[in-house]
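The chain below stands alone, shown as structure tokens; this is the form predicted on its own.
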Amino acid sequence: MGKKIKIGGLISGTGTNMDAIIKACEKGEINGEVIFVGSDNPDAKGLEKAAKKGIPTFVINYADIIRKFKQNPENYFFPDDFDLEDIKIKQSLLNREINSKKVATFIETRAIAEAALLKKMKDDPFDLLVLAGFMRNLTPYFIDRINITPGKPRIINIHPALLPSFPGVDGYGDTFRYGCKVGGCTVHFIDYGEDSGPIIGQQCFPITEEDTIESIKQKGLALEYQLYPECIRLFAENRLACVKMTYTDDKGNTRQRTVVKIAQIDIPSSDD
């Protein structure tokens, strides 16, 4: 079966997806173990669930850091390897037209919080970091210090919509309000954009005229609890690879796209 992978988790709320991942590890459905669960929110209920199972937990209070930084920025020191201009260039989720000071403050406060996250996680080396309802955008400062091997990302997220449609914080709500006939969820690797990283897996469900936002959320969550552990299982089996592929658009231009390929397991025949 191979060596168990070590999994770190970040949450912001109830941690139901994190709980599904922990249970899948306990049952042996994932060849891995969750070694910590962290949060940006001291009131996150999911921390209690993890702690009851003996999993170490911690909190980096983003809201408190952001508030105090805005009041007295001189009280904070940036990490030695922090480069504001480099992050501005890389961070594609930011609107370049908004006030540059706001952009700088956003990046600076996140980098301070992320440096604290990295420090907390330093003593617990992990193979995979899962975002399970973690409601904070990660900056390139953090991502580049986790994804240290080119072509082998180590941060994955689950999103409540069929990406690339409806990125952002309210995927199921956006799906409902748009009048879609099908909804779903997506597991993807994290990149510098907003819910724009390479897609690992997706599941979908029908939306009827009788559905409400709440009912499609329930449909979606039921699929999330299956899809996320399944994608983590594939990662643990070293079966995921991000591959650059070329195609020709309708104007004859050569383009590139990144595809997550899933390696098949060879099953010995009965004659072997």
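Sequential numbering from 1, following the sequence displayed. If you're wondering where the values come from, they're calculated on a predicted model, not measured in any experiment.
The discussion below concerns the form predicted in complex with a small molecule, not included here.
Among heavy atoms of residue 221, some come within 4.5 Å of the small molecule in the predicted complex. Contact check for residue 159: a heavy atom falls within 4.5 Å of the small molecule in the predicted complex.
Contact check for residue 201: no non-hydrogen atom falls within 4.5 Å of the small molecule in the predicted complex.
Within 4.5 Å of some heavy atom of the small molecule in the predicted complex lies at least one heavy atom of residue 133. Only one of 242-250, 221-229, 35-43, 54-62 places residue heavy atoms within 4.5 angstroms of the small molecule in the predicted complex, namely 221-229.
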